[in-house]
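Just one chain is shown here, as structure tokens, and it is the form predicted on its own.
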Amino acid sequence: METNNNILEIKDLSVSYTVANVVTHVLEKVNLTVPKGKSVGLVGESGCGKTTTMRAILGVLPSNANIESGEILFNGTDVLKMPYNQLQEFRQTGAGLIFQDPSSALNPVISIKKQFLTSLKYAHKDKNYSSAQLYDKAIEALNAVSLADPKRIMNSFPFQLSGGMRQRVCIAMTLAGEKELLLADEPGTALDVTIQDQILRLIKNLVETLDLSVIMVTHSLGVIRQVTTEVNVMYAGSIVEGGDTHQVFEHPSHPYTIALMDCLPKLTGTGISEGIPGRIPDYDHPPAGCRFYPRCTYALDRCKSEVPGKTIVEDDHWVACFAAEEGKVCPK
């Protein structure tokens, strides 16, 4: 892919946290690319660094975080080197975050109208829109996310809306801000399965109709398969496999990806997954080589001390695994 076709490129991003004088190395040489107008998935277990990656993109890491190395290029400009004013502009019109819990994203005692218009004033503060124009943009955005009677929604308080309606309001706020990149941090986690499906279909439709770029963060392989065109599998702060979603699902090549897929329920109802043995390593003392080494059934001696590089599996599909490189990984 050509560089100018990518809205976002993360290159060798390493992030650590200092907690009680202990340094925890959470992200290790993360590389991720988002083409313009595409939906890219980031999947992995809880605690593997997905949310830290999203926070780094927006420049909202906590004060005890340290970016040890790397670049985050948004339309060719490094977010990590942006002066404060440029960073604020990037948050206004560049990237927007959809939270996994809409209840925590909206103030329960302030009307949707006031919160929506305040958000739009910030996003469009350089365009001198009148209050009436901002209100019209809000109504248009609420219609775009298929919310019936948007004027009633605007006059409601968050506690008067269902979880699915609140999530749609959050998506509408991001859309009305005319962001180029949507960061969806497990947007359906707090919703029941039917509403979750509606939200995912909505995001997929918006990508196709508005030419949006999306990073879909989730621990659900089903969500990734439904919504994204490309996927990145993250384990313990490192991306271990990536490429075209269909190719990765049809031919998983990393032992971790294979183990994740083995955990999925079978349509036949036969067999119960035992899960993946072991646990994510402590980030204060991560393995020197491949971070999945202690849990891997295909591990080689070199995996303990060497970090594997990318091996091309097929067009637009790669894996970082010595055993896969040597042809010793045999998915079921």
Partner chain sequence: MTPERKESIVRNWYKFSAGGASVVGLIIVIVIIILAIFAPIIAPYPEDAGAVVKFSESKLPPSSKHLMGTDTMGRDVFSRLLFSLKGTLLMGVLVLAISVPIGFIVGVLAGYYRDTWIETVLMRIVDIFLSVPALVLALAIASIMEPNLRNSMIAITIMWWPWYARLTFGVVSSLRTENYITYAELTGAGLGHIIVKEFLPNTIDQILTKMTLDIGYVIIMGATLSFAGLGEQPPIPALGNMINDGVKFLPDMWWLTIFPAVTIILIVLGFNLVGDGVGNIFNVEGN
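Take the two forms, superpose them, and find the largest set of C-alpha atoms that agree within 1.5 Å; that set is the rigid core. Residue numbers count along the first chain shown, from 1. Since the model is a prediction, treat every value here as computed from it, not as a measurement.
What follows is about the form predicted in complex with its partner chain, which we do not show.
Query raised in the report: Can all three of Leu27, Thr33 and Gly70 be found with a heavy atom no more than 4.5 Å from its partner chain in the predicted complex?
Result: Zero of three within 4.5 Å in the predicted complex.
Requested in this report: Only one of Leu161, Leu181, Leu260, Cys170 comes within 4.5 Å of its partner chain in the predicted complex by heavy atoms, so just point that one out.
Outcome: It is Cys170 that has a heavy atom within 4.5 Å of the partner.
Query raised in the report: Looking at Asp78, Asp101, Glu140, Asp197, which has any heavy atom no more than 4.5 Å from its partner chain in the predicted complex?
Result: Checked against the cut-off, the match is Asp101.
Report task. Have a look at 89-97, 220-228, 250-258, 143-151 and name the one stretch with heavy atoms inside 4.5 Å of its partner chain in the predicted complex. Result -> Comparing against its partner chain in the predicted complex, the contact stretch is 89-97.
Query raised in the report: Does any heavy atom of Arg55 come within 4.5 Å of a heavy atom of its partner chain in the predicted complex?
Result: Close contact exists here: in the predicted complex, Arg55 approaches its partner chain to within 4.5 Å, heavy atoms only.
Report task. Give a yes or no for Ala105: in the predicted complex, does one of its heavy atoms lie within 4.5 Å of a heavy atom belonging to its partner chain? Result -> Output for Ala105 is yes: heavy atoms within 4.5 Å of its partner chain.
Query raised in the report: Does Thr174 reach its partner chain in the predicted complex if we count a contact as any heavy atom within 4.5 Å?
Result: Because a heavy atom of Thr174 falls inside 4.5 Å of its partner chain in the predicted complex, the answer is yes.
**Report entry** its partner chain contact at Ser119 in the predicted complex, heavy atom, 4.5 Å
**Finding:** Yes, Ser119 sits close enough to its partner chain in the predicted complex that at least one of its heavy atoms falls within 4.5 Å.
Query raised in the report: Relative to the superposed rigid core, does the CA atom of Arg91 travel 2 Å or more between the shown form and the other one?
Result: No; that C-alpha moves by less than 2 Å between the shown form and the other one.
Report task. Kindly check if the Cα atom of Val169 is displaced 2 angstroms or more between the shown form and the other one relative to the superposed rigid core. Result -> Yes.
Requested in this report: Spell out whether the Cα of Asn75 moves at least 2 Å between the shown form and the other one when the two forms are superposed on their rigid core.
Outcome: Comparing the forms between the shown form and the other one, which are aligned on their rigid core, Asn75 does not shift its C-alpha by 2 Å or more.
**Report entry** Cα separation of Ala176 and Ile199 in the predicted complex versus here, shift of 3 Å or more
**Finding:** Closer together, by at least 3 Å.
Query raised in the report: Once you compare with this form, do the C-alpha atoms of Lys204 and Gln167 lie closer or farther in the predicted complex, given a change of 3 Å or more?
Result: Distance between the C-alphas of Lys204 and Gln167: longer in the predicted complex, by 3 Å or more.
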